[in-house]
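Same protein, same chain, two forms; see structure 1 and structure 2 below, as structure tokens.
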Structure 1
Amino acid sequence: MTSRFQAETGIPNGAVPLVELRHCTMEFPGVRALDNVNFTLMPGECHGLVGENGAGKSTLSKCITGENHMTKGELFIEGRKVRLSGYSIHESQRLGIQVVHQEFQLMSEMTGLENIFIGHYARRGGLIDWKALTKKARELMDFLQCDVNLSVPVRYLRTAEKQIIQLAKAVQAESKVLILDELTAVLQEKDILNIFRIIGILKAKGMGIVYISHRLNEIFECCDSYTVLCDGRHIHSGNVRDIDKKELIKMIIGRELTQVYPPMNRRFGDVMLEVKGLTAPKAFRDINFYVRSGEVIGLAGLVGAGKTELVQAIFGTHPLTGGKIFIKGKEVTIKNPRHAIMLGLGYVPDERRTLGLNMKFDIKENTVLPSMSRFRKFKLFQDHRAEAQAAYDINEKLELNYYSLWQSVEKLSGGNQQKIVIAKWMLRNSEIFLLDEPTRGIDVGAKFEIYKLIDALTRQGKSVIMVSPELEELIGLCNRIYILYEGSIMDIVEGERKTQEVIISSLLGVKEK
């Protein structure tokens, strides 16, 4: 007797694909983002979509949702050909397609509750039935097993919490296809496992999930199949169980990646920055740490542990109520970011679109912005040629995927935007770098370039303070890791104790010997 299911995939035999893209080409002015790509998503399948920054992953997902109008090609939803001329995001939602975008698409002044149900408000007698919506939201949060305050404007929420709201918004509607574009880039191990759990439930209901991520371990943990894109072209599709991580990396970057982390610098100089008893209400309290010249220190902690607020406080954007900051042994009161920059600090924030870049500016302007004074001739004229050369050099080093320095950063892929935020502080020649999730959304090949740059900084005697949700990255790069738990330093991990097990237990508030 033949099985109703294909061996091991769990996909019913003869099932009609939920989504099928045939020969999809997408051209933007000057860029062919997708070139004759085929893509199929089956019911009950989690399909990993991978590729370098700018490979076309988000573009492909937007062709499915109708946000992009493909230049050529065909789209079939549940076997029915879609008339592309009238196809839009509203139409795709009507057909059961939901997406969580890589960049936040929330109304920042509205509450979580309003954001989740926007466009689907339950009404009673013509009025919005808030009681019913609140009940529905509570059920939704129970299902997601997440605890996010839904009654405050989302601009007050943390990055990871906003991401949960985006997810809640996508799963609340009865949908058949869910596209997750780098949902987990801002999440911690614990939350990611929760996402996998949710994906498992949705798959069992017969939904199809398109899963975009640069964290390749996740592809092996939760995807059934994969598709690799490279420069807008379809490289390969197959079953995840037939390949290993090394093979996948090779397909993505076109070569083998033999070394992931550069050997750590161990020649340290004087203490560059030290904080003592740093306290900010509701964020962190009594924080003590130091970083020497040539050293990378890591800050780890679950969402809400206070890491982002801590680096923001050092950069002068989060108010402090107590404690002292010393730079090169001298006590300083950092009033604002301008002051912090003057003191030699550089800051790569976790939210690049709102804090890291000026979306109205082009690549060159964004890159040279904090270093403008370096390019002033006779203190009078701006040397635009030197600016452009410097911007070119640093962005080439970071393997930025672009066609002109004068193109707007708005249209760049997410990972390429992130590279520019890093480039601008590298160019500024800061002495102490505060990096809040610097490799978020960065592809596997370019991550290595960033690691090499961090290493090069330390060898020039610079200091780096780094926040990352990826423990592997912290272990590979940091000389010392400070673990925050509910606003306090729970543990300092270095040497032989620098293992995933020790760090995870400290993250959860249990200190191991």
Structure 2
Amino acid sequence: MTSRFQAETGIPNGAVPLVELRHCTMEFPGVRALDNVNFTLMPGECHGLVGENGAGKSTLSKCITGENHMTKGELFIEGRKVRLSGYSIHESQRLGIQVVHQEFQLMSEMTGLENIFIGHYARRGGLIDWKALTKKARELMDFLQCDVNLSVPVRYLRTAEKQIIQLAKAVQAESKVLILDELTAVLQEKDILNIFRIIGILKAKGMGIVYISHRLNEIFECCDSYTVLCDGRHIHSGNVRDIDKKELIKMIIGRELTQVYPPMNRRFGDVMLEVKGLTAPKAFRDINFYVRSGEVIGLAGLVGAGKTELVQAIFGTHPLTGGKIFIKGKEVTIKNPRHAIMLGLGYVPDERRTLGLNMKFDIKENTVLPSMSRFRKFKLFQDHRAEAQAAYDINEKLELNYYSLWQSVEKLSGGNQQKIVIAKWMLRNSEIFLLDEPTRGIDVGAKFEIYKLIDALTRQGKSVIMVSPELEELIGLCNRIYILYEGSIMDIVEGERKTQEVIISSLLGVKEK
């Protein structure tokens, strides 16, 4: 039977699926991660795979790539049944399946050029032909319409640039199936639009795209079809144009979100933090803003505008060459993060797994880390019982989904990991929260929990400075938004001017009245 998607895109009735999973079941000790799931990817199709954290999206993609071996079920690649006992990542790559992961799979000490072609180096006379590789890389970057310095170790590159290198690495392999796992979680609006353009080109060449994302707007912008998973079960599949965002959310979380953003707190106190003329070379210059008690202010800007460097500078991890910082009206010189913490600041970084949490620590240890001095006996010994009680109390308050305080944070969902990053600063009783993309890579239900948490902080009189690439999020949560353009504040929007049209214009360097 021809699907509506096939009919509308001109795919022949007899077209063979690039990937087909039948009755896929995946079990780990004590957990059924996938339960009798069916999934089909056609040539020239962008298929959105959505669901809450822990729904089984990544597990399903790993079954396709051979990283996971299904407990039950069948896998077909271009109509041919795969022998699962010998199926591996190497075999899936040979069959034309590539993945761009949410977490970076790059060699940090190697250059961008080396990372793109690793394992596929062109050789001449027994030696690597760097000239040929450089030419091919330049053509690849032109195709992607990206300008990334490929001659330096990738550890020196920005997050978005690293993601572009991962995409380039997958595209150059001339794959038939490309799995994009939260690719845009680290990208800004202009980079996301470029990704959509690239997806269109790849689809036109007959490639199939599995698009995993928590940003539901993207599903409607670039996907032809969708599959919803919940607790490892297949909920529904269909054509994107047949549903709306409200219906999709209901499928994902099993209920309607009557109000995505809580009512904004408008009871403000004194100015808690103010910066004047803040300047850092090659990052930002002459930055002025303030935030009051009970207020959320937003920082918006494209990649390279200086948002992350700005919050890092306030927290003492990025060097300043000029300007002043005032906390509660008193000028301070923040020397390092420890000093910032003592002054009442808490920082939620954009990369929670590498910067916000110690993945080798358990829930309790991560929660109490900034507050350990509070739990000392006789100034020498740690009161571990008091630590555990405090960690339990704060995580119960945040409705953390866990079974033990001694559980590894590595196995928690993204939303629960983010709750712990915020919980540790609440336990510390921080007064000023610096949130750099606090909802990156978490599902719509978990986002709502973070939104409620931010609202609760402001109603306790806390101050919040928030960075986000999602304009809808900034508009829904922030009392005032500062827009950075090439390192300077281009505009300040609030009240009736707080619209996507005004913000987008300023992001592009055009200030509207």
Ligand SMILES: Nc1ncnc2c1ncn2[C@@H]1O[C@H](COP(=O)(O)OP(=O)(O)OP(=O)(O)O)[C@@H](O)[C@H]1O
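Counting starts at 1 and follows the sequence of structure 1. Here, rigid core means the biggest group of C-alpha atoms that superpose within 1.5 Å across both forms. Everything quoted here is computed from the prediction, not taken from an experiment.
Only structure 1 comes from the form predicted together with the ligand. Superposed on the core, the two forms differ at residue 425: its CA moves 2 Å or more between structures 1 and 2.
Core-superposed comparison between structures 1 and 2: the Cα of residue 371 travels 2 Å or more. Annotation: Cα of residue 412 displaced by at least 2 Å between structures 1 and 2, core superposition.
Once the two forms are overlaid on the core, residue 403 shows a Cα shift of 4.2 Å between structures 1 and 2.
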